[in-house]
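The chain below stands alone, shown as C-alpha cells; this is the form predicted alone.
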C-alpha cells in the first residue's frame, strides 16, 4: 500500500526534492499521513470560500485553480495548481478559506487531516520548514501574477503564463518547459488573464501567428521558448528552483 501511495505522491516529492533533500523518515511521514484519495470531476469545487476545512488536500493529478467571484458574477483565477501542489495547506493555520478552489480537469486528491499535519509539525522540524516553504512559494507565484495582471499586455500575460506552467510541470516530471499537457478551456484562460473569452481567443491566435504557441488537443508547445520568455518578461527566479538546505 505504501508503494502505491508513494507512486501517487511522486510529483509532490519531486517538487520538494527540487528545492531541498527529503529524508527517508520525512518521506514516510508524508506517505503515512495520507488518510484517503479522492477523485473530483472537472468544474467541481474542491473547497469553497468560507469553508473551515479540517483537512488539507494535495493535488495528485489534474489541474485546479484558486478563484474569487465578484458581484457581477465574473470569476478571476488567482493561481493555477499543477500536480504536486498543496492547494489549501494554508487552511491549517488560517482555518477559514478566503477563496475557492475548483478542478479544471478531473483531479485526484490526497487527503491530509489537519491533525496529521499538526503531528508532522511537532515531530519533523525540517519537514515543517519545507511545508512552510510551499506556502511561501504560493505567495511568490501570486505576487508575480499581480505584476502580470497590472503591468503586462494581454499577449505578454499569456506568454508568461505558458512559460510558467511549462517550468512548473517540468520540475515535477510532467512535461518539458516547451511541451506539456494543459486541459484548459478558452473561458479558463480568460479567467486567468483577466480578459473576456473573445479577447483571450484573439491573444491565442496572435501568439500562434507569431509562431510562439501551438495549442491543440490539450497540448501546449512553445516553438520558440526564448522568444516567448522575452515577450512575457518571464524570469523564473520567483519559482525558487534552487536546491539548498532550508
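Positions refer to the first chain, counted from 1. Keep in mind that this is a model prediction, so the values were computed, not measured.
What comes next is about the form predicted together with another copy of the chain, which is not displayed.
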Inset, instruction - Choose from 65-73, 177-185, 35-43, 201-209 the stretch whose residues reach within 4.5 Å of another copy of the chain in the predicted bound form, heavy atoms counted. - result: 65-73
Inset, instruction - Consider residue 137 of the chain shown here, and say whether it contacts another copy of the chain in the predicted bound form, taking contact as heavy atoms within 4.5 Å. - result: yes
Inset, instruction - Give a yes or no for residue 47: in the predicted bound form, does one of its heavy atoms lie within 4.5 Å of a heavy atom belonging to another copy of the chain? - result: no
Legend entry - 4.5 Å heavy atom contact, residue 194 and another copy of the chain in the predicted bound form: yes
Inset, instruction - Using the partner position in the predicted bound form, report whether residue 190 sits within 4.5 Å of another copy of the chain, counting heavy atoms only. - result: yes
Legend entry - Joint contact, 118, 132 and 246 to another copy of the chain in the predicted bound form, by non-hydrogen atom at 4.5 Å: yes
Inset, instruction - Scan 132-153 and write down, in order along the chain, each residue with a heavy atom lying within 4.5 Å of another copy of the chain in the predicted bound form. - result: 132, 133, 135, 136, 137, 139, 140, 142, 143, 144, 145, 146, 147, 149, 150, 151, 152
